[in-house]
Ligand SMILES: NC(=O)c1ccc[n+]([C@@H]2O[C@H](COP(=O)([O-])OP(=O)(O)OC[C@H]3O[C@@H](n4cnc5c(N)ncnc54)[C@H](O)[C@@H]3O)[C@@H](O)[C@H]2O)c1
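Shown next as structure tokens: one chain only, the form predicted alone.
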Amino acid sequence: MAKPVSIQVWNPSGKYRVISTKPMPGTRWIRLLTDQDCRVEICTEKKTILSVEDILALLGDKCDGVIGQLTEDWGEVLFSALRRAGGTAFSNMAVGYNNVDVNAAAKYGVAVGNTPGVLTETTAELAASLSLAASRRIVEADQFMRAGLYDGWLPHLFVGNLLKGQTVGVIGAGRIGSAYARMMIEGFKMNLIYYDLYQATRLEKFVTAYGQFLKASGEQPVTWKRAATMEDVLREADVISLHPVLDKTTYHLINKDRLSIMKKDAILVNCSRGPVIDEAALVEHLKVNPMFRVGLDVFEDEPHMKPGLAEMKNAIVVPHIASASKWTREGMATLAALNVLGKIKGYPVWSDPNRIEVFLDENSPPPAACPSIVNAKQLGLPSSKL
């Protein structure tokens, strides 16, 4: 069985043993646990991704709770081992939990936490950054300069796309998708077309009000349209950002056929989940359509890219950094720790996991509640009345 190279221990005499499979940003999350009589063990092994065997070695014979990462395979093997060690709490340091078999966790009575509500603006900001970088070909131009190839201004040098007055398309207008749409509309006065199974009423009201403001100021008003089909968004939008959940219905949502109906100079951005795009089909599309550009934060076979993608000059690729702002990552660590602590202490589950600001206030103690437990109903956990 594999053994971690090293472990950092906080509060060695603590009553409850909580493991973090990775060092996490900030120290507040550690303090919140140690102040409540937890011994915190942080795996400091240099491996980027821990195997199931590595985590089994970490769990040992006694473990009350674990904070894990979205790259780890949390299924039957690990949840049964955690339960045998006396544990009842696991939290991903992520809003998503595609790496977690929630039914297996419920089978062994383990609560599964996640960290929603703290990633919205940060993720939307990266999607907006990729949209702007792709439209103005910033990464290509940067590489050109660093290579010493610039010898003077030319009329055709790195001509890109103007965003003002164009149409931004959003597929999945939930919290992040709506925040992204607002950034693009406010920042560049873009018109909106979106597709979602549910009507984004608040987003629609915002665009309507902003359009009225612009008109009253003597400017061209922005508009919005809720598309009847996703294909309508792909055909009409100049910039398209993907924000769906990943499930059987959204796997390879963007495939060869759907890429073919997009504008030849469209921009496609993905900060959601890698398998939403058929990456091999995307590479072929980029080869044939040099003015089509993409900005990708996630990949189908992460951490690997499909062959050919790295060579595409019309692709901007970044290593899954959508949530990588200091405030957000420290907040995620805090929420994950409080999910585990809350279950250990028998606290109820916070009634609205999307309104978690009170847990992030460093100047006051957090509520006696678990911020977000995705299988709370399966386990019959009580809801907080706070």
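For every residue, the number given is its place in the sequence shown, counted from 1. Computed from a prediction, not measured in an experiment: that's the story for all the values here.
The same protein also exists as the form predicted together with the ligand; that form is not shown, yet it is the one meant from here on.
No atom of the ligand lies within 2.4 Å of a backbone or C-beta atom here once its pose in the model of the complex is superimposed on the site C-alphas of this chain, so the site counts as open. Remark: of stretches 255-263, 214-222, 240-248, 159-167, the one touching the ligand in the model of the complex is 240-248 (heavy atom within 4.5 Å). The shortest heavy atom separation between residue 285 and the ligand in the model of the complex exceeds 4.5 Å.
For residue 172, a non-hydrogen atom is located within 4.5 Å of the ligand in the model of the complex, even though that partner is not displayed. In the model of the complex, the ligand stays beyond 4.5 Å of every heavy atom belonging to residue 279. When the ligand is considered in the model of the complex, residue 147 lies well away from it, no heavy atom lying within 4.5 Å. Think of it this way: in the model of the complex, the ligand has a heavy atom of just one of 89, 184, 133, 298 within 4.5 Å, and the residue is 298. Residue 271 is the only one of 105, 271, 268, 192 with a heavy atom lying within 4.5 Å of the ligand in the model of the complex.
Shown here without the ligand, the chain has 297, 298, 320, 322, 323 in 297-328 lying with a heavy atom within 4.5 Å of that partner in the model of the complex.
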